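In the block that follows, a single chain appears as structure tokens, in the form predicted on its own.
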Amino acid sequence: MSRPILETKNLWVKVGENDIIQNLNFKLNPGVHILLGPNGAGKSTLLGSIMGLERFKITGEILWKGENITNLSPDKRFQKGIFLAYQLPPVVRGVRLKDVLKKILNINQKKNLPEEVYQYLKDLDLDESFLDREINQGFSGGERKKSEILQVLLAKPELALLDEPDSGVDIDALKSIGKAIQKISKECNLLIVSHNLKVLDYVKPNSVLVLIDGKYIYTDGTEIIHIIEERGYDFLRRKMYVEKLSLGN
């Protein structure tokens, strides 16, 4: 059995005065995983906490390949091989996309970008002029998602956290993003938050994880998707609470 690459122990995450994640314990094995859950379940909060974003107050432990990374900065986590692609990528004024790509590639700002960048731009149906634009300034929803995916392609992380990469984009953008995610899935581990599940046209997950009330992770194969579609998340919620009660938790 594979050793988990990521694990949370008694993880609590507070946003403001609200406990979003509550005593969550789960393990993530190598592979491709889809993370589902109703609105407000804490999916984006969980991904942001794994990345160490400052707006989340965390107690408990986050382990990366057995190492406690709970107190590490996002930069340190990136160096260890974790990358987060945001659901709503922020605008960064005064910083061009190509500057960020050079930082990801760890090359001097005065040097030219390698040829692979231009191939990825072509694959994502992006013009080379895109590189000179400020990060997400004036970007459409599809362009923001493509920018994030481009960064993942170049970073080549060991674990990519993709927060709804298939939402808010048109059919053409989804096709190029989906093919890029398919490529990424062959090179690194993935944890993908998705609602419309269009990403499943391009990647076949090893497991489907369902976050329930910020407390429990239900793990199953893709067949759980059909159960959710037929019975809803409340069915899983009742099922998990019954199982926890039977175990005396």
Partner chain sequence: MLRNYLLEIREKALKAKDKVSPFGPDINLENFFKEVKEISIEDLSQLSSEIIENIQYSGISPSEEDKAGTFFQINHSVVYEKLHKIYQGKMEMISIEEALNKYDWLEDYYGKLVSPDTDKYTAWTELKPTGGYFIHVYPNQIISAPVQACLYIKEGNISQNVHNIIIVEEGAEVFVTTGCLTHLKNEPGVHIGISEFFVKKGAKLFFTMIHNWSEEFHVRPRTVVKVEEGGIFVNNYISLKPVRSIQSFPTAYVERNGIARFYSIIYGRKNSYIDLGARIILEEGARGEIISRIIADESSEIYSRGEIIGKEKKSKGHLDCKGILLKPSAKISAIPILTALNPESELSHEAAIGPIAEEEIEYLTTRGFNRDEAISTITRGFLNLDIPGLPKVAKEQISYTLAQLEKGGL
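Numbering follows the first chain given and starts at 1. Here the structure is a predicted model, which is why all the values come from computation and not from measurement.
Beyond the structure shown, there is the form predicted in complex with the partner chain, which is absent from this document and is the topic of what follows.
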*Thinking of 120, 143 and 186 as the candidate spot, does the partner chain come within 4.5 Å of a heavy atom on all of them in the predicted bound form?*
no
*asked:* Partner absent here, but in the predicted bound form, which of 203-211, 189-197, 63-71, 47-55 has residues with a heavy atom within 4.5 Å of the partner chain?
replied: 47-55
*Which one, 85, 153, 169, 177, lies within 4.5 Å of the partner chain in the predicted bound form by heavy atoms?*
85
*Identify which of 124, 104, 113, 131 has a heavy atom within 4.5 Å of the partner chain in the predicted bound form; exactly one of them does.*
104
*Using the partner position in the predicted bound form, report whether residue 163 sits within 4.5 Å of the partner chain, counting heavy atoms only.*
no
*Report whether the minimum heavy atom distance between residue 100 and the partner chain in the predicted bound form is within 4.5 Å.*
yes
_When the contact criterion is heavy atoms within 4.5 Å, does residue 89 count as touching the partner chain in the predicted bound form?_
yes
*asked:* So in the predicted bound form, is the partner chain close enough to residue 135 to count as touching (4.5 Å, heavy atoms)?
replied: yes
